[in-house]
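The form predicted on its own is given below as one chain in structure tokens.
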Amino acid sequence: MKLTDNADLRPYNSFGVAARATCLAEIEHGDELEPATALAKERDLPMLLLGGGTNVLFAGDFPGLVLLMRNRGVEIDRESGLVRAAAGENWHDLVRTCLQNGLYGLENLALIPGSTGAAPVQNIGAYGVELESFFVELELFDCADGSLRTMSREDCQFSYRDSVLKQSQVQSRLQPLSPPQPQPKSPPQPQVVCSLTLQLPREPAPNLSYPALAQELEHVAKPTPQEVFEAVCRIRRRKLPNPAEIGNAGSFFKNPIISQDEFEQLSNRYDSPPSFPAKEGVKVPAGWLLDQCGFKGYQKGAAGVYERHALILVNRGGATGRELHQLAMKMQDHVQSEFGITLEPEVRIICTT
């Protein structure tokens, strides 16, 4: 276990904002989690689990121990279609590996940044597919009591970009930074995903239910999973900025789900607003709502909104997490005022100081 005191977190968050942690532990093997937890208790430090850092905004320093999962390994059983991957594996690499081994279904989730261990935490999804559909189980280390257990799909309580695991993470809602929000005396200890197991089909059945993906492949009579994979990569590269070039965490807000009555009211104001069916009502693209409020390409100092997509906050260079947090609150307030719809962040907001 590699330990770093007074650790610089800028290299570990895709927004590239400056932040520091009291201590950072890089975990290469699961048996290092127990001594890391013991160290945190000994120093009376809260703990934060950080995957690839692609879905987090540090709106301040973290006065505690940050865990970085660096364990690796992928086991593939082609006969059964079962895939077991360590939490530290890169998600996009895992999607490509499964495809190369004749196991399908994940191609719509190509190029989603981050680690494999983070995938079930927020039930990642894109282009008509969610991780939940292929999930079997995961191995979990509970830092609160040091136990190691297995969680099934039912245990995880998956929902849209959410799970029971996400609720246990240190995070903040979009709340004013001043005055500082009081913190719990005993912050929740993270539940660390060590590995997950997926069940993938051996027969290709490309999912083209998402309109943009279907349009991208309309010239192909019978798209293969590989062609779907490549199409998803093309779309994402066109729409989303590369974090290595422009600091960002992808989609900042969840697409809100509203009632049928609310959608009809929206349709009375706008001609054919975009929407998708949802279990609880109608899902409306958050990017469209923000676009109607004029946020596409908005800029205030180094904090801004991507010119190609109103759902993506960007750090043009030198923006602080606090500035990006304040911009997100402004966007949320405008949508609430204009549409009466509350946007919820998809990105975890770390705001403890």
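All of these numbers come straight from a predicted model, not from anything done at the bench. Each residue number is its position in the shown sequence, starting from 1.
FYI, the form predicted in complex with a small molecule isn't displayed, but the following is about it.
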Heavy atom distance at most 4.5 Å to the small molecule in the predicted complex, all of Tyr160, Lys239 and Phe253: yes
Close approach of Leu311 to the small molecule in the predicted complex, 4.5 Å, heavy atom: yes
Close approach of Ala126 to the small molecule in the predicted complex, 4.5 Å, heavy atom: yes
4.5 Å heavy atom contact, Gly287 to the small molecule in the predicted complex: yes
The small molecule contact in the predicted complex: Phe263, any heavy atom under 4.5 Å: no
Listed range touching the small molecule, judged in the predicted complex by heavy atoms within 4.5 Å, from 291-299, 29-37, 43-51, 62-70: 291-299
Heavy atom within 4.5 Å of the small molecule in the predicted complex - the one residue of Val95, Val83, Cys156, Ala249 that qualifies: Ala249
